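Only one chain is included here, represented as structure tokens and corresponding to the form predicted on its own.
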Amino acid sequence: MASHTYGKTLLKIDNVSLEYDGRPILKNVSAEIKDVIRPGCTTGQVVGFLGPSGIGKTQLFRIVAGLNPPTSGRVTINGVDRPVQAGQVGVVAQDYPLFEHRTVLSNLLLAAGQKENDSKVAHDKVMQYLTEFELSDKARLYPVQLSGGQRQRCAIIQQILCSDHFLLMDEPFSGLDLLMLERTCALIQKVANMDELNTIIVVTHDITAAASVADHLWLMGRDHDLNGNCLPGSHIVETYDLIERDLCWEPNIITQPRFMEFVREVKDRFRGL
């Protein structure tokens, strides 16, 4: 197992419940993400968030992003004693929305301006990210002129610029061929490791891809009664620490028998939800 320790809590979901018309959707959801510290390395955090369709992932996604309030409980970031606010957690939606009438540069300057009052500082930061993500030659293009992968990178940069180290990614692996899947996994790891505090939550159905990039997995489901019937209200029924299982930070881990065995374990648990 790689040497590591845990630092402060970066994001905490504290007993969150959500009801619609008296019907429980989420029930007592609790989880936290701590700073993963590795000697000599800048290591961000990646959590894979899994669960069957209709289980309530989208509702929790919006609560974590500060877009919707829960019925009870709260989400906090960086130990600050107040609920998360919209804009503090960046959201990379599945269709990578950008302003189509603005160039890549204009889109990103608009995002940078949300946090930077100095226009030169904002411009320099945007150009730094464009270079880092190999998009500097696309700065004057419009979103329609970008490939899917380029648009994804722009959407990620956009959210990094205007959020506080936190990103929620909605189904980033959906519909990708094998090559693009590998590139997207590498991109997520790169973004996470750009800063010690960077924290990415990946909402996905792809268990293998999530396990290949994450240090922890959250599995959302419902409890069952004695007859096997689902009880109302979803919560995180299982968490997996991939660091403790020695499944993190190893090149080509996806080809290792212990990784394949772990994925089978999670899939079996998934089927039982």
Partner chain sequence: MNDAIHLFAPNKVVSRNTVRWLVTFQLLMLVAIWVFSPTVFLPKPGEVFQSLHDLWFEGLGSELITSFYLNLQAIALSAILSLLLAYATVIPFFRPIVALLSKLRFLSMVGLTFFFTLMATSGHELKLFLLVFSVAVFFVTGMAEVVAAIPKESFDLARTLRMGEWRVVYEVVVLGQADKAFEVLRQNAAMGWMMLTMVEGISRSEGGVGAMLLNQNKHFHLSAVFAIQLTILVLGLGQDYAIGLLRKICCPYAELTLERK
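Numbering follows the first chain given and starts at 1. Remember, predicted model here, so these are calculated numbers, not experimental data.
From this point on, the text means the form predicted in complex with its partner chain, which you will not see here.
Exactly one of the stretches 91-99, 191-199, 118-126, 131-139 approaches its partner chain in the predicted bound form with heavy atoms within 4.5 Å, and it is 91-99.
Using a 4.5 angstroms threshold between heavy atoms, R245 stays clear of its partner chain in the predicted bound form.
Though the partner is left out of this view, G87 does reach within 4.5 Å of its partner chain in the predicted bound form, counting heavy atoms only. Shown alone here, L179 lies farther than 4.5 Å from its partner chain in the predicted bound form, counting heavy atoms only. Heavy atoms of L187 never reach within 4.5 Å of its partner chain in the predicted bound form, leaving it off the interface. With the partner omitted here, the residue from V203, L167, A111, V75 that has a non-hydrogen atom within 4.5 angstroms of its partner chain in the predicted bound form is A111. Taking a 4.5 Å heavy atom cutoff to its partner chain in the predicted bound form, the contacting residues in 140-174 are Y142, V144, Q145, Q158, Q159, C162, S163, D164.
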